[in-house]
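Single chain ahead, written as structure tokens, the form predicted alone.
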Amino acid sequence: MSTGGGGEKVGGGGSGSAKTPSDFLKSIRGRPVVVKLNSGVDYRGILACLDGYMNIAMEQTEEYVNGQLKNKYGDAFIRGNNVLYISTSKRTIADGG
């Protein structure tokens, strides 16, 4: 009998201190983030939660199009297949121009 492909991911270096993407995502909950969508739109706010499909719930969310603030939302939900990346934002980014 064959056990065809378990759900576990095996790291390939043996470095015990390496941080996985999952560790990173757990560590930024409740912190300010920038979520960039495939369309190029940015959402900035507080990361409330996310799941394994990269579905994201945010609070105090602001929508930026071409670097300009377009909308403010209290809470926002972003479907994971639209997400290009998630970045932490240590401070409010001063828009130059």
Partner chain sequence: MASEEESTVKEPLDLIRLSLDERIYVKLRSDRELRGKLHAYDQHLNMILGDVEEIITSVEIDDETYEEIVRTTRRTVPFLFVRGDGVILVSPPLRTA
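Residue numbers count along the first chain shown, from 1. A quick note: this is a predicted structure, and the numbers were derived from the prediction, not measured.
Below, we turn to the form predicted in complex with the partner chain, even though it does not appear here.
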{"property": "Distance check, residue 43 to the partner chain in the predicted bound form, heavy atom within 4.5 Å", "result": "yes"}
{"property": "The partner chain contact in the predicted bound form: residue 31, any heavy atom under 4.5 Å", "result": "no"}
{"property": "The partner chain contact at residue 24 in the predicted bound form, heavy atom, 4.5 Å", "result": "no"}
{"property": "Any non-hydrogen atom of residue 69 within 4.5 angstroms of the partner chain in the predicted bound form", "result": "no"}
{"property": "The partner chain in the predicted bound form - contacting residues of 64-89, heavy atom within 4.5 Å", "result": "71, 72, 73, 75, 76, 77, 78, 79, 81, 82"}
